[in-house]
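Next up is one chain by itself, shown in structure tokens, the form predicted on its own.
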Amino acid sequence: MSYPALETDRLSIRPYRDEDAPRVLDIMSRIEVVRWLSTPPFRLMADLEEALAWVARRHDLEAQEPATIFRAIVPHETGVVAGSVLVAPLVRLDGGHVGEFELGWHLHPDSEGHGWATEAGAALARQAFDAGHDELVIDMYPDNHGSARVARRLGARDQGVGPDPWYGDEGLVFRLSADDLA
């Protein structure tokens, strides 16, 4: 399935393009962003070649898993990629994939505080629900207070902190259905 680009009052939510690679590099080479996206040891993006490969990989992942959506968040007022929003399959550490999909986002530090993650997350979640997803998981480090605020603004149900079956260690998990979406 191919998901069309989305427009909100303030944002374009569209597939990544090769010309986005310099901004991708700027975002993914920052520890203050990358520390929320994976488990240690954190690996920062090194160069433009790696950023171009990252963009290409987003397209490949969508082609391989039709229910996956990776999008650039582009505010109309700046025209500059603010960050990413995604819906992607969650694979449990025990190797199982039980049809769980994650809603996630990350922003460049210069793009925080405008409500863009909430707006993009809501728009992409609606698109995912319209495409047949029943529920989306929002999983984060327990001390990721910014993302927890976004999840709550979306109307997601707080499942609390506990063992994280997808990334290991402890995670703060929210669940979001179409009925929950604020």
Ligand SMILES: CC(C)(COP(=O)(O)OP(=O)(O)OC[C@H]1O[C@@H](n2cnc3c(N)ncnc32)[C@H](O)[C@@H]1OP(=O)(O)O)[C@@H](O)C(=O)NCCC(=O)NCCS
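Residue indices: 1-based, along the sequence shown. Not measured: the values here are computed from a predicted model.
Quick note: we don't show the form predicted together with the named molecule, though the next part is all about it.
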query	finding
Any non-hydrogen atom of E32 within 4.5 angstroms of the named molecule in the model of the complex	yes
In the model of the complex, W116 touching the named molecule (heavy atom, 4.5 Å)	yes
Contact test in the model of the complex: L37 vs the named molecule, heavy atoms, 4.5 Å	yes
The named molecule contact at M140 in the model of the complex, heavy atom, 4.5 Å	yes
Site test, L107, G146 and V150 vs the named molecule in the model of the complex, non-hydrogen atom cutoff 4.5 Å	yes
Which of 43-51, 61-69, 116-124, 129-137 lines the interface with the named molecule in the model of the complex (heavy atom within 4.5 Å)	116-124
